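What follows is a single chain, given as structure tokens, in the form predicted on its own.
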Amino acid sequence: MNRPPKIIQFLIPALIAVLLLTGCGGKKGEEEKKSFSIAVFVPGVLAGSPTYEMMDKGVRMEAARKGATVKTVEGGFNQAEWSEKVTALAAEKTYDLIVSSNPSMPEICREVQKYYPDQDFLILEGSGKTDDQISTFFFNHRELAFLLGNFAGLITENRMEGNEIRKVGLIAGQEYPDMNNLIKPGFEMGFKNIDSAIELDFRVIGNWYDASKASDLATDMYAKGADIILTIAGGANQGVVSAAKNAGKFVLWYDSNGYAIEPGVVIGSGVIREDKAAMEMISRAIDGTLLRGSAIKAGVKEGYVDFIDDDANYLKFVPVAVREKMDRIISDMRSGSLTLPAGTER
């Protein structure tokens, strides 16, 4: 048998090794290229923003579980800059999905998508529209506000001895569509479900950070008869808590467990489970089962918004009579036997 020259005998194994290495390198490159990439755009800052913190946490937990990469970008408080910053993310053309959370973000992302039609978006706290290409998840704020309103009414009713003023308060950082169309009406529907004579004292700070102004507003509201105030004011919430503590009155927290912030002062708390929604939606996106333009709506019955009734501070500081009445309302909402009349949900 004729054998190839020694030089050929030497080269063949070397060439095979090179081909194997090249093949492995190419496969590795393919795997790296296929790694799902996510950008989280925070329309504000993470610190002091519970829902944004939950969104970021939920995205990162699911991404880590499935081997995806995540980059978080804070947009700051200047809303005029959000569009430019989201456009910059899309222009990188490296993210399979851009995730954000804010009612104003769907429209911003729709505009960006006109220039980058291949970019996919998921907006939590947003709503879709017909023939939309932006995926959205809408939390039912009217249901959450209704539960909090019932609790506020029960607290006021419980403190009526010797007090002829029937009033609850609501302080907002700013007025915005969800506040005016969902939260405020839902809150009022809730406390009037307890007593139609209860009045609402509604005040607006004008921003999401002025705790001093929030304290002044809350102090005046308590002095004028409000027993409890629902505060939805971002970083300014602490001013309301301070005023309540000084006045011997109470605070309602809106979107995350606030009982430990000032036990005995924050005596009621809602929750928006944005981390849960983020994890479920990111899982679908990575698996390829999140339909582009899908619009999901969920509320108390579905388990995405709720009133926290099992916290130790709630059980300690809220009178049994109030908790028993609240238990029935919460149970009926969770089961779906109590539903709200048609409103202006998006």
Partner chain sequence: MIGKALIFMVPLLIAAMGGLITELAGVLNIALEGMILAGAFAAVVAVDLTGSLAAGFLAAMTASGLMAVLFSVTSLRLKGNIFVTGLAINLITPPLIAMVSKLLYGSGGVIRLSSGTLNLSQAESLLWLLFFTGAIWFVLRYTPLGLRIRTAGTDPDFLFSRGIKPAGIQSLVIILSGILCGISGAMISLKLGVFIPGISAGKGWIALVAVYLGFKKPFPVLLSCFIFAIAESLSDAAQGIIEIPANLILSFPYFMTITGLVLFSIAKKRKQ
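For clarity, every value in this text was computed on a predicted model and none was experimentally measured. Numbering follows the first chain given and starts at 1.
In what follows, reference is made to the form predicted together with its partner chain, a form of this protein that is not presented.
With the partner removed from view, the residue among K276, R203, K192, R159 that has a non-hydrogen atom within 4.5 Å of its partner chain in the predicted complex turns out to be R203.
Put simply, P185 is far from its partner chain in the predicted complex: not one heavy atom of it is within 4.5 Å. With a 4.5 Å cutoff on heavy atoms, G293 does not count as touching its partner chain in the predicted complex; it lies far away. Looking at W253, you'd find a heavy atom of it within 4.5 angstroms of its partner chain in the predicted complex.
Put simply, I272 is far from its partner chain in the predicted complex: not one heavy atom of it is within 4.5 Å. Annotated contact segment (heavy atom within 4.5 Å of its partner chain in the predicted complex): 44 to 52, selected among 282 to 290, 62 to 70, 44 to 52, 305 to 313. Site residues S212, D220 and G239 are all in contact with its partner chain in the predicted complex, judged by any heavy atom within 4.5 Å.
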